[in-house]
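This document starts with one chain, in the form predicted alone, laid out as structure tokens.
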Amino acid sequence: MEEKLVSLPEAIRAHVSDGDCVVLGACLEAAIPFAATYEIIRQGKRGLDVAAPISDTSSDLLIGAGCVGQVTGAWVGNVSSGLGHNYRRAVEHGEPHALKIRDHSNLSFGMALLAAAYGMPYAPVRTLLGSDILTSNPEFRLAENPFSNGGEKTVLVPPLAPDVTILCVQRADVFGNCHFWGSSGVAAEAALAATSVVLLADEVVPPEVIASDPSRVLVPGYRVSAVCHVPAACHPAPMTGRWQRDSAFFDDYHKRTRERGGFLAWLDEWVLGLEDHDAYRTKLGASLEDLRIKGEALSAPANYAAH
């Protein structure tokens, strides 16, 4: 089996191209691959379709840095503070440039990925009935449910097949097999639907560690294009069993980015002025170690014996 361990800059260079649809933040608020977000900005990718149900400030960062041409999802902002300032400036004032919005609810976004993951022509969703998303996203189709007797309506959501899905996982082996635990959101669907999958692993372990617990595998190695060993790749987002959420960091970002000039100063300090993720971790210093989860709440052992 082919080894897929590469550096994060190599992975972004090889698997993220201008104009790509990129899924970031597939686990909702947790395990957002911020290290990949920063590297995409450093490499100056442009015209991306950033897709996420909730991306916290990841999408807002990419929008402000001029990397995004379209947002596919339900919301862009800071979960603890409100709507992203870069997102608002782009939509309302075209700054740094105009932004297209492919509107979704969180459910319809997940169902679109599910449809692509399983080769379905569409996914039927009833929760959009009565909402204005049917107007804001003309890709959706209102149809009659053929299995109802009373002409019941449903919404047909087209499949969403990303060019690349980038995920943070607790551990992976060099072949791309990985373990993830905690709320996974739509990560599995996003991986199965994508052309390429890049894993940011907090830890790289021998293959036998992954094989010892197959039920914890989020995505099998044969679907993975690259594995990057990037400890704390999710910072400032949390990761179950590994890292706490850095709420102070999020709040500082939201306050400093209220104006365009403040965002550019933040971007230079935390992204453009740092060579890579190692430099980012060094800048965080002792505050990063304070966020490391040190307690234990272990799951019960599972017996996989066949005889």
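Keep in mind the model is a prediction, meaning the values are calculated, not measured. Quick note: we count residues from 1 along the sequence shown, nothing fancier.
Separately, the form predicted together with a further copy of the same chain exists; it is not shown, and the next lines address it.
If you check a further copy of the same chain in the model of the complex, you find a heavy atom from every one of Asn145, Val209 and Gly295 within 4.5 Å.
For the chain shown alone, Thr240 is a contact residue for a further copy of the same chain in the model of the complex, at least one non-hydrogen atom being within 4.5 angstroms. By the criterion of a heavy atom within 4.5 Å, Val174 is excluded from the residues contacting a further copy of the same chain in the model of the complex.
Not displayed here, a further copy of the same chain is kept clear of Ala226 by more than 4.5 Å at the level of heavy atoms in the model of the complex. Among residues of the shown chain, Pro96 is not one whose heavy atoms approach a further copy of the same chain to within 4.5 Å in the model of the complex. Residues of 278-307 lying near a further copy of the same chain in the model of the complex, listed in sequence order, are Ile293, Lys294, Gly295, Glu296, Ala297, Leu298, Ser299, Ala300, Pro301, Ala302, Asn303, Tyr304, Ala305, Ala306, His307, the criterion being any heavy atom within 4.5 Å.
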